[in-house]
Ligand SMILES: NC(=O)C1=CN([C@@H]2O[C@H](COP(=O)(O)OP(=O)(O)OC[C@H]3O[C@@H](n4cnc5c(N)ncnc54)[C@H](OP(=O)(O)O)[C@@H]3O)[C@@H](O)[C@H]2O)C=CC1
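This document starts with one chain, in the form predicted on its own, laid out as structure tokens.
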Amino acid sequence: MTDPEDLAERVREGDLRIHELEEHADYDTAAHARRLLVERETGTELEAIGDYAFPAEEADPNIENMIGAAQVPMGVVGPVPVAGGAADGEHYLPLATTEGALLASVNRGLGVIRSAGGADARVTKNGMTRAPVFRVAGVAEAAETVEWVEDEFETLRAAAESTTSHGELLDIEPYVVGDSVYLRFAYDTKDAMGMNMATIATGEACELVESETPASLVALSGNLCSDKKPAAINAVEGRGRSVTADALIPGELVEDRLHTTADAIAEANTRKNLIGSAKAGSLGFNAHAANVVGAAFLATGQDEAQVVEAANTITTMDAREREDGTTDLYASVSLASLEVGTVGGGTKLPTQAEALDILGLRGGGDPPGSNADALAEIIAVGALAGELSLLGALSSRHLASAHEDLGR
């Protein structure tokens, strides 16, 4: 067996490069050698980082220059009844975070939703996008290119789908800006988040566009996708899964469990999430949807950088008066661009795969796409619970005391 001490020394002497260690040792030994190198170069001890619970080789598709693992505390919230298009029944939701009070708050919201009979949730749109940008001489060539793309959609579909056994091209939306042509391809990627699938398929279609039109490809991603950046196009057109969850909370339940009223929560939502967000120029009109989305992403192996657009949420709270004069609370969240999958990427890592097992959603669904749809619906209900609990705390003026007790 290769000695990690020797490997570390060879890197220090310049005989090996840090990314070449797996060519000379097994994956765990290579990670050990890098830790030794970093420890010596920085004067630190990396005992906790090196104490990971899975074979390093299993992480090879997900990381380069591995030295260990970042261990983020994971908890669960729920269970809560979800009546979804794909998710049905009671579910626990695993969340990984370092923010004290978050899970307690979300669990409180889920408890209220559970007592109200559960939440409804639906994926209303699905399409992973990639938008290449082409150069043309001017608007005349741009129009010629767009016309060809629209006329030859089926030809482009065949080219794109030739690269994948699962993905389906749904649409190509053209945008022209001067001598630039952007083509926003949208795919049904089934249970995969599908970014790599969409990129490879779009690359194949771009070769056909170049060969049949005056357009020259400049970049396979022209930022109209738009991936890992806040963008209005995702809020309007969607990216990944657009999903909405809602619940009707009886007024007496709002008072007993949240210690406030439906009217007070509705006003707090309007003045904070709607008016306040508009004044701030926010793309999301919510209290803290990113908390639940981010924690669920870390727990279940999603691409954490996509929280930027995945948490793009509009929260609504409406006081609804019954015939007897009692006021109930209608609560909803709509996430426009929630990019999730249950196959591929980080979902295959042992910890994250176990978290998906808690949900009963590891791997591909039957029919294809149903597991990712269900995950989106459950995350949306978790975000709804977080919004409900935080707005309740704000309108009852309990937020500061809750963080003092639980935020530590």
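None of the values given here were measured: they were computed from a predicted structure. Heads up: residue numbers just count along the shown sequence, starting at 1.
One more form of this protein exists, namely the form predicted in complex with the named molecule; it is left out here, but the text below deals with it.
Visitor: Check whether A192 has any heavy atom within 4.5 Å of a heavy atom of the named molecule in the predicted bound form, and answer yes or no.
Guide: Close contact exists here: in the predicted bound form, A192 approaches the named molecule to within 4.5 Å, heavy atoms only.
Visitor: Does any heavy atom of M197 come within 4.5 Å of a heavy atom of the named molecule in the predicted bound form?
Guide: M197: yes, in contact with the named molecule in the predicted bound form.
Visitor: Can you work out whether G344 and the named molecule are in contact in the predicted bound form, taking contact to mean some heavy atom pair no more than 4.5 Å apart?
Guide: Yes, G344 is a contact residue.
Visitor: Taking the shortest heavy atom distance, is S216 within 4.5 Å of the named molecule in the predicted bound form?
Guide: Contact check for S216: no, nothing within 4.5 Å of the named molecule in the predicted bound form.
Visitor: Please pick out the stretch from 141-149, 227-235, 67-75, 87-95 that is in contact with the named molecule in the predicted bound form, where contact means heavy atoms within 4.5 Å.
Guide: So the stretch in question is 227-235.
Visitor: Among R320, H166, R157, K125, which has at least one heavy atom within 4.5 Å of the named molecule in the predicted bound form?
Guide: Going through each option in turn, the one that passes is H166.
Visitor: Within 115-131, which residues come within 4.5 Å of the named molecule in the predicted bound form, counting heavy atoms only?
Guide: Going through 115-131 in order - heavy atoms within 4.5 Å of the named molecule in the predicted bound form - there is one hit, R130.
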